[in-house]
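Okay, here we've got a single chain as structure tokens, the form predicted on its own, with questions on binding and movement later.
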């Protein structure tokens, strides 16, 4: 059951809402949620978080306890609080599907609703899109760097809170991770779970071999041994002993894990020793402060790693821990109910006016070549990315399964130019402004500049 999160707002959403209640109660408005600029080393982003947003919209209401708390603050009037007590979302929402690749200034979500409602949901939308899109985009880069080798989420202990740990597991699996160490996320989202052992387990036994034997006897069909607690070469020899014992009993040692040191040279050594012992099927699993940059370097240098565990650097998106995601008014209704486009003219923070759509243009081979940001009613002969997900407060979009989103992500990325997916990509995918939107921007800029009081 979805928790009621109506008070998960910044205070100014509520104070503005009371002002709207006094002076603009019947005003309608449209807001765009978009990312202004790509973070460093990013050439694309992956939309994530829509499922949580739709669950939130469906349950949006202020409980008696919520109203009582707001009353205690002695900020809001009784008639405004009475209004909030009956509030339900009644507007329209358009959104990019989860897993869609997108670029700066393209609306990921567009909300058209009574201005009070549209304003009140801002904080939740930004919080949700910021975290999950940030992680999905980072994790996608890790998947691309791994070049088809399996990658697992080991981020739980380093994520920023319990909720983030769950969201990181989902967002990373969505874009191609093979599984997670997070058991609760595995239960909730049906994600494969994976894990090995800790150094403390090895150290708790009198010697390393005893720890390996204990584990293999307990989990003979699921054994992966951590080989860098003491001397790696000796640990690989111990792992080989265990692997041969398992083989005699009809089982297979699944793998060994390297968590420190020179992964390239150690993995080459491990591969040579395992192959020589007739254990060529044993996989070499690498972990330890890995990210897309290190994984690329390991593989480029000939590292013999079959899979990777990625934690801190992915789970906190350590090189780009926040997105420049914003939620801006693009049109507002007048006293006659007619929608009038508006835009922000602040230096370096100009926004695009009007109700917009993003169109993705393909070539004859089905490859993506550019996007066009256009006014909603312009005729652009290609695929619109924003889909209607809420109509007059009712969800009209059937949420895909996580497995379906996962396939959608991988299919979509295959259609983008190869240089876009390079770890250190300098390539910038073209996003063009349509003639109609250009014309509106020029016209509105002149009018707003003249009419400012």
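Being a predicted model, the structure only gives us computed values, none of them experimental. Residue numbers count along the first chain shown, from 1.
We do not show the form predicted in complex with another copy of the chain, though everything after this point is about it.
Heavy atoms of residue 368 never reach within 4.5 Å of another copy of the chain in the predicted bound form, leaving it off the interface. Of the heavy atoms in residue 9, some are within 4.5 Å of another copy of the chain in the predicted bound form.
Not displayed here, another copy of the chain is kept clear of residue 399 by more than 4.5 Å at the level of heavy atoms in the predicted bound form. Contact annotation for residue 285: none of its heavy atoms lies within 4.5 Å of another copy of the chain in the predicted bound form. This chain is drawn without another copy of the chain; in the predicted bound form, the residue among 300, 249, 276, 349 with a heavy atom within 4.5 Å of it is 349.
Just one of 84, 146, 305, 131 comes within 4.5 Å of another copy of the chain in the predicted bound form, counting any heavy atom, and that one is 131. Checking 230-238, 356-364, 378-386, 99-107 against another copy of the chain in the predicted bound form, the stretch whose residues place heavy atoms within 4.5 Å of it is 230-238.
In sequence order, 7, 8, 9, 10, 11, 12, 13, 14, 15, 16, 18, 19, 20, 22, 23, 24 are the residues of 7-25 having a heavy atom within 4.5 Å of another copy of the chain in the predicted bound form; the partner itself is omitted from this view.
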